[in-house]
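We begin with a single chain expressed as structure tokens, specifically the form predicted on its own.
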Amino acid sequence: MNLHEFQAKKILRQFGIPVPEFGVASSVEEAKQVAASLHLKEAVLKIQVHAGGRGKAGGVKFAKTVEEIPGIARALIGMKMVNEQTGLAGVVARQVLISRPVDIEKEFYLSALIDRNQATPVLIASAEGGMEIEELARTSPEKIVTIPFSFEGKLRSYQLLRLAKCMGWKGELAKKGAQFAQALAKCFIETDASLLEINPCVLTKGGDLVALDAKLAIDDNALYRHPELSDCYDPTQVSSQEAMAKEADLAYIAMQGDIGCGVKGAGLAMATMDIIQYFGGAPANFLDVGGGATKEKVAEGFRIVLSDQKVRAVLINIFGGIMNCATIAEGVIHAAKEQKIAVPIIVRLEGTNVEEGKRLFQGSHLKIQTADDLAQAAQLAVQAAKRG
């Protein structure tokens, strides 16, 4: 689950990581109240969306006077941002962060994530902050240091020395940098984060290290341990289908293709998307209905797939182990009749009670094609989508 910058900064504060004073506004009146409460004479305003590249998109503005703040807030609240990260649909900013400006001496990059090759959390750091780390890794990888740390969220003394050398920190600044890095590692572990990125971490002219920007993503599978973070979820930052799927407790990810997918099992769903592309098609989504889904849950998943206006054909691929094929059939038939489906539906069923599932489809009087294997099903779906 992605958090907004202001939400991430509130969490950073809890771990002792310095951030500039800020407030959040969702209206012009609230922006005026924030400016007054912080006694601002000038301010930085940033749109709050779950995507990077806000500055390039015009979503970060500087108010030179307090009088400029309401006008800039009015322009930014409701702004739609479209870039590679958001996809063509874009995301709309419902809130703006209003922050006290910082006098910057130098910018650094710091982040923590899980290195799945080493099966350990790592700290990634660079003395070249404020730019895209992917570009820096491509052009100047020698400027980036990667430091593994423990699952207790602690960095050892020799690791902190290595970090200070990479960043050019000496004396008192090295001590502040060590405290900053230790707090970042602890925050990453204790929040069950999948990513914690500070870009830039800045050295102020007063000699302090401050998290000027922050990106925090929490592992969805660990959210049950953090009920206090449930309010951080923002359904406006995902597609309507993904928001509906979360409500129904279904694993759904929107994609850009036109073949809707309904599959049982994450591995089979990945294989289904691969074979659709192999035969020249493009999946519209990833959907895993789960091993023990009810007829109602299957029907809801099917409704979500069909609510995507790009979908021109639907491929249902079920290998019934725990899941009963007849349950899948009942759910699909129920949703198809309810929504008066116009797009072609191709079904491949195997496993538990498969014959009953096929019988239900055949007796449904719906335009549902059955396939004997996945390759045939994928080809039929691709052909149907191309025919429109």
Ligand code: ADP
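In case it trips you up, residue 1 is the first one in the sequence shown, and so on. Please read all numbers here as calculations on a predicted model, not as lab measurements.
Omitted here: the form predicted together with ligand ADP. The next part is about that form.
Of the candidate stretches 188-196, 267-275, 205-213, 296-304, only 205-213 has residues with heavy atoms within 4.5 Å of ligand ADP in the predicted complex. When you look in the predicted complex, the only residue of A174, V102, C232, I253 with a non-hydrogen atom within 4.5 Å of ligand ADP is V102. Residue in contact with ligand ADP in the predicted complex (any heavy atom within 4.5 Å), chosen from G153, G290, P200, G90: P200.
At the 4.5 Å threshold, heavy atoms of G55 reach ligand ADP in the predicted complex. The closest non-hydrogen atom of I345 lies beyond 4.5 Å of ligand ADP in the predicted complex.
Proximity of E107 to ligand ADP in the predicted complex falls within the 4.5 Å heavy atom cutoff.
Of the heavy atoms in V44, some are within 4.5 Å of ligand ADP in the predicted complex.
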